[in-house]
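We begin with a single chain expressed as structure tokens, specifically the form predicted alone.
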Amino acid sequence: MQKHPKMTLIFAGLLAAAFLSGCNDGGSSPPLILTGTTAQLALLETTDLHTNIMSYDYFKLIEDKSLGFERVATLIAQARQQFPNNLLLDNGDTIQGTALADYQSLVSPIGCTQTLAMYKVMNNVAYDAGNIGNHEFNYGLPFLSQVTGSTLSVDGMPEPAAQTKCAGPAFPQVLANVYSAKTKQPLFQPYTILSKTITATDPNGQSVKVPLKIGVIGFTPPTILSWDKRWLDGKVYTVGVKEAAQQFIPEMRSKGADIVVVLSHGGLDDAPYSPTMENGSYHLSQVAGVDAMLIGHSHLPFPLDAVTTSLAAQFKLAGVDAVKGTVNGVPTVMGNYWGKDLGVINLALSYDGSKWVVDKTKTTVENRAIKNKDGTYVAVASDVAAAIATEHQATINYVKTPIGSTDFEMSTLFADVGDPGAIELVNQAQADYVARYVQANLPQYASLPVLSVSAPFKSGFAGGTDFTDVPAGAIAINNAGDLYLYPNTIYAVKVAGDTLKSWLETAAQRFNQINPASTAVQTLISTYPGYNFDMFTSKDISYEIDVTQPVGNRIKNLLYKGAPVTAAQQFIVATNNYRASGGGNFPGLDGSKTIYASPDANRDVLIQYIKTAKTITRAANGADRSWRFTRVTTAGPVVFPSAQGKLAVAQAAGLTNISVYQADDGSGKGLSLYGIDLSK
């Protein structure tokens, strides 16, 4: 049948009228989207900011251009200009991590009407949504409820109707896998559906405005239940990330979500799935309906360039493309940590006549670093510093408060090879605190020896400036914060000698296995985190670490006061809530051996110990090395990284078997390679 020109015009007019009607505020019909219409949507991610708002190190009281939200804010502005269709999302571990965070939570807690400094600057750049990370729970549920502007319904807090809703972020925060034990409902809203009007291109090449609904769902590691047991026990519980996703993603779709974006505060682990696994993002990618994933927690960039790909074993998994940025085919990004990078997924969308689909062949994933290729850094967004000038200066004033003095440089520069200079003082403070408590309050344990473990929390992961390094002279609060990095609380555990040995065997994973016969250069330090390298620093206990042996068979000659430690011998060990409750997966440490869960922070106990001692000396507080490497002669060099130009620190600590092997290790991170003679 031949089409009549007049009828064609009438039909076109009706279509136009329908489209315009759907665009009116009072219209109920959605605008007509033609099959084949395409669009781009950029997902911009920050993650693991840890309240690094300024490019500033509060422990060293100096600028640090390598990090900071004030520089990421510049990248955000640039990306928004490049991608008019965009969403800005944060993936958690946002409110804890610097002296500024501790100042606002513990030292001078902010009031209900005040917005947390971190959220203040995030509000100013207009985030669209955010996730709740594991470190959000570090200060307890009442504080989390306050600063997120939530009214959490949990035991120990008033009913939500009786709570005052405080100032918080101006964007929704989501979390799907943590539930209130009281209500059996999600602690936060599990997801949000964001309605956007985006610019698209119709099949005729014309620019059109179309609606798009983006569902955003959040997940955090279920292991928060052990890491922050003192705050969460009996108050919340977790469900598996996969189970939560399978429940809520169909619900999001039924409510109109065109695209589903997962905010997973977890890395990639292809081990068999468990509802309690720490890093469940790999398995989340396999849940039906996931269009894109923004991940975090692992403090790594993803995707990686060709140089750094070889350094990230976590990403060498089946189905993971660490260059293109896909996990089992799902576009995935992790925007590094501390404001070092902005993650960008540029989703290519196509309308197939009934729904929007992601064109994975045209979707790109990248990390944009604040460090330029020429070694310079992007400029700061000046309005960030202006927004928190008062909070920033108050934190600086606080951390400058003097509390004592030291006659030696206390550092972790060579803690991996035996210098106890920054570890022993922490151990002494913890052991003194626990011993006094036990004598006063736990007479049934008064005859047991009290030991203490601590670890080099800053051990070069982020480069040559990422070490504890307190110079000789006055000690201020910021120095104590450098010596004890985290807002943990002191716990005491009662363990038998076999558990003590297993504890040390686990910590000894810090080292690679060395082949004495190899003539090749061998690297001593493994990828096992420095903050899990627990060590004793006491005259009473001694042991050797034999790095020529496989993991689990390295601790030799474990002695207490000169006698071999027996399997049944009982000890009290001062540690922190993280370790005592299962953090780091140390055998036997699961919370069941805790005999005292202190309310006092390790850092506060350390500060008080320094105030009492007044003068810290190497002889009394930094020379007791409980462990040494089992002596072995190697055919080739054994090397390890530390900051450049610091050999004198090792020599001052009595480490005469250390030498400079390579002044610049080539990583661009301010590190040298040092040699160690294991025969001495």
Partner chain sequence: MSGRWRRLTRPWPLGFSLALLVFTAVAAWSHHETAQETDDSVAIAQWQTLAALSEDNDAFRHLLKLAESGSSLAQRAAGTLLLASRQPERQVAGQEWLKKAADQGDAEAAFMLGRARFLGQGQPLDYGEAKHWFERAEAHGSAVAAYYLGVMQRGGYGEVADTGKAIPWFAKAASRDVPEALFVMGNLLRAGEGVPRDWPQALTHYRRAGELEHPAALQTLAMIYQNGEMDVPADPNQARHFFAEAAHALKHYQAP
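In this text, rigid core is short for the largest set of C-alphas that superpose within 1.5 Å between two forms. Predicted model only: the values in this text are computed from it and were never measured. Numbering follows the first chain given and starts at 1.
One more form of this protein should be noted, the form predicted in complex with the partner chain, which is absent from this view; the next part is about it.
Query raised in the report: So in the predicted complex, does any heavy atom of Arg631 sit within 4.5 Å of the partner chain?
Result: Output for Arg631 is no: heavy atoms all beyond 4.5 Å of the partner chain.
Query raised in the report: Closest heavy atom of Trp227 to the partner chain in the predicted complex, within 4.5 Å or not?
Result: Output for Trp227 is yes: heavy atoms within 4.5 Å of the partner chain.
Query raised in the report: Taking 4.5 angstroms as the cut-off for heavy atoms, does Tyr398 touch the partner chain in the predicted complex?
Result: Because no heavy atom of Tyr398 falls inside 4.5 Å of the partner chain in the predicted complex, the answer is no.
**Report entry** Non-hydrogen atom contact Ala181 with the partner chain in the predicted complex at 4.5 angstroms
**Finding:** Yes - in the predicted complex, heavy atoms of Ala181 and the partner chain come within 4.5 Å of each other.
Query - Single option in Arg554, Arg368, Lys501, Lys235 placed near the partner chain in the predicted complex, where near means a heavy atom within 4.5 Å - result: Contact residue from the list: Lys235.
Query raised in the report: Of these, Thr363, Thr74, Ser538, Thr489, which has a heavy atom no more than 4.5 Å from the partner chain in the predicted complex?
Result: None of the other options qualify; the answer is Thr489.
Query raised in the report: With the partner left out here, if you bring back the partner chain in the predicted complex, are Gly481, Tyr543 and Arg618 all within 4.5 Å of it by some heavy atom?
Result: The answer is no: none of the three residues contacts the partner (heavy atom, 4.5 Å cut-off).
Query - Contact stretch among 56-64, 39-47, 646-654, 607-615 - heavy atom within 4.5 Å of the partner chain in the predicted complex - result: Heavy-atom contact with the partner occurs in 56-64.
Query raised in the report: Quick one: core overlaid, is Gln444 moving 2 Å or more at the Cα between the shown form and the other one?
Result: Yes: Gln444 shifts by at least 2 Å between the shown form and the other one.
Query raised in the report: Honestly, after the rigid core fit, is Met334 moving at least 2 Å at Cα between the shown form and the other one?
Result: Shift of 2 Å or more: no.
Query raised in the report: What happens to the Cα distance from Thr575 to Asp155 in the predicted complex: does it get closer or farther than here, with a change of 3 angstroms or more?
Result: They are farther apart; the C-alpha distance rises by 3 Å or more in the predicted complex.
Query raised in the report: So the C-alpha spacing of Thr47 and Lys669 changes by 3 Å or more in the predicted complex; is that change toward closer or farther than shown?
Result: Compared with the shown chain, Thr47-Lys669 is farther in the predicted complex.
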